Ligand SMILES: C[S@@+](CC[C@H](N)C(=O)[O-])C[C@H]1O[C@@H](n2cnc3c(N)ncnc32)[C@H](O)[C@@H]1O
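Before any questions on how it binds or moves, here is one chain, the form predicted on its own, in structure tokens.
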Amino acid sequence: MLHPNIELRKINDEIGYGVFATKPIPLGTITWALDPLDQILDCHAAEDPEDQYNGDLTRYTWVTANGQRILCWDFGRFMNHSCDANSYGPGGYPFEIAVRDIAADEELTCDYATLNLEKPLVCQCGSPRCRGVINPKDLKDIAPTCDILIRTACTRIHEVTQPLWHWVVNQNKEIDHILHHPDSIPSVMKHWWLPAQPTITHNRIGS
């Protein structure tokens, strides 16, 4: 479930679509939360020898730490990568939070290295911090910075309006206590899952 002040827009023919803020979204705002309509699939569901989905399943899903694929039912599946992402998810929790103020008309982005990217891909984010090629093991390098951003954002979580708060609380009864103690929030490394022999090309350069 995406924040209500987000809409789908076409970027260009090469990248495709992205999700953009229709109003300012302050630091500490929950931008996305897993909800019951999202599809949770076994990771091997995408290993289709006949490719009957034409790669769409791997293009529009991400992999959790326990090897499940999440297929968002809403526009969340169109969120693009940035090496300077403005939305990250705390380790082990199915939601994302704005790690800086997001302006109206700004694209919401995440870092695919936190979503168990299965194959390297060339980045098109255009950020001054662009890593050029996004690799599955980038998470180890970016985790310290991500953790600082997330824990700082979580100190603001009760200071801003949270339209998605009930989705988060309903799935994680202990979350309110944890967010009052940001230092206890698990590292994004808790998201990491590495298959023994990755065979699937993740193709989410753009949507």
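The numbering used is simple: start at 1 and walk along the sequence shown. Computed from a predicted model, the values in this text were never measured in an experiment.
As for the form predicted together with the ligand, it is not shown, yet the points below apply to it.
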So, Ile15 and the ligand: in the predicted bound form, are they within 4.5 Å at any heavy atom pair? yes
Taking heavy atoms and a 4.5 Å cut-off, does Val122 contact the ligand in the predicted bound form? yes
Is Tyr60 near the ligand? Define near as a heavy atom within 4.5 Å, in the predicted bound form. yes
Is Met79 close enough to the ligand in the predicted bound form to count, meaning some heavy atom within 4.5 Å? yes
Where, within 97-112, is there a heavy atom within 4.5 Å of the ligand in the predicted bound form? Residue list please. Tyr112
